[in-house]
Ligand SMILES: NC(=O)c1ccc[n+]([C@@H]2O[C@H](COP(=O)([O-])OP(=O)(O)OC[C@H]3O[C@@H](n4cnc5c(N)ncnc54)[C@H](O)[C@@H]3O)[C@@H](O)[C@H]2O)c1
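As structure tokens, one chain now follows by itself in the form predicted on its own.
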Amino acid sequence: MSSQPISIGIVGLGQFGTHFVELFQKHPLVKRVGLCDIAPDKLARAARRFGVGETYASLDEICRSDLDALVIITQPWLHAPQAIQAMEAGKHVYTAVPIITPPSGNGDEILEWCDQLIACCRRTGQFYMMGETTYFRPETVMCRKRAAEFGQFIQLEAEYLHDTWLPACNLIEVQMARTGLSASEVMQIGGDVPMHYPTHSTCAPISIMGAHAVEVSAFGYIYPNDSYFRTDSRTGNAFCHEVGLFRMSNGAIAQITESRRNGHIGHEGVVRVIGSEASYVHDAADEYRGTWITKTDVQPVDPRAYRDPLPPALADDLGGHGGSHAYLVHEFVSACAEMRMPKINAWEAARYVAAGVMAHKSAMRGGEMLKVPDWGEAPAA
């Protein structure tokens, strides 16, 4: 497929955003990079660090540029409206996280943003891609490539275990950095609904099986005397841990766990896949090891062997989240350059978040079985 080099603008230059600048600069199909941030000091510092002379002081300003695509890594709750603004301005768009909203709400706003984002893609013809890391984790890639070997999918288990006070990534400190609030103010807001940010787990069954969630029954766990997840907070959410059991469109079962209170070093993505002919179990102690199991054999496997090749300039430093960052960059740039629909497009992304929204609604109703909305398959580019 023929490719035309593209120009990229990176919007949001905080701790996470700056991790991606060099990856985009290195990509052989990126001919030009611009930087944007509303904080003049961050913008100037990043411009010096990465040797970029093209800078913009606001989203409005960069939307008026002639850049082909924007990479939005601002505050998570801004991504949906900012993506729509950028697509309306004629830009292809990548956002770092899923369609979420500020703390509070029952999730209806998330489903409404899914409606608007998909409608905008149809109306403008621009591409949207969500930077979901689990999609390019090696075990997810391996299971997709070996999908036929499983036979009929029976059950897939996935999880996102991230304790709020995890030393490696304390979520209270993350919220403080994002909002500028003090620790006590963040505690007053309270803990977000775990299933309202479910994509590190829901991505696995949906992308591996090529199926979407049809219905769900879910339950939430309330930690005794919790000071963060509580009903009298601004979020009004008492669940620190939610588990959903989904019926998928292919008849299989998916078990999803989203946890923000746990005695665990942290894990995201595939736990176990059970098929009629083979199964896979991921190693909890080593993110690059797993076990492939059949009715007659058990074999250790390194899922990294199933990764696709990258441009040499990106292959030396894959970035974080299981080495998924370089693959996310490559997929977005390649899709725009080749004028094809990105793999994690708006329709795919909506499936990831809608599953979580309905799981939380079910948990709030004591496990009531609820239907999961779906927007269908992405059209051809």
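None of the values given here were measured: they were computed from a predicted structure. The numbering used is simple: start at 1 and walk along the sequence shown.
There is also a form predicted together with the ligand; it is not shown, and the following applies to it.
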Pick from 73-81, 182-190, 257-265, 111-119: which stretch has non-hydrogen atoms within 4.5 Å of the ligand in the model of the complex? 73-81
All of 13, 36 and 133 with a heavy atom within 4.5 Å of the ligand in the model of the complex: yes
Can you pick the one in 42, 343, 26, 31 that has a heavy atom within 4.5 Å of the ligand in the model of the complex? 42
Among 177, 253, 166, 214, just one has a heavy atom within 4.5 Å of the ligand in the model of the complex, namely 177
May I ask you to state whether residue 321 is within 4.5 Å of the ligand in the model of the complex, using heavy atom distances? yes
Examine residue 142 and determine whether its closest non-hydrogen atom to the ligand in the model of the complex is within 4.5 angstroms. no
Exercise: residue 97 in contact with the ligand in the model of the complex, heavy atom 4.5 Å: yes
Quick check on residue 59: any heavy atom within 4.5 Å of the ligand in the model of the complex? yes
Those residues of 199-232 with a non-hydrogen atom no more than 4.5 Å from the ligand in the model of the complex are 200
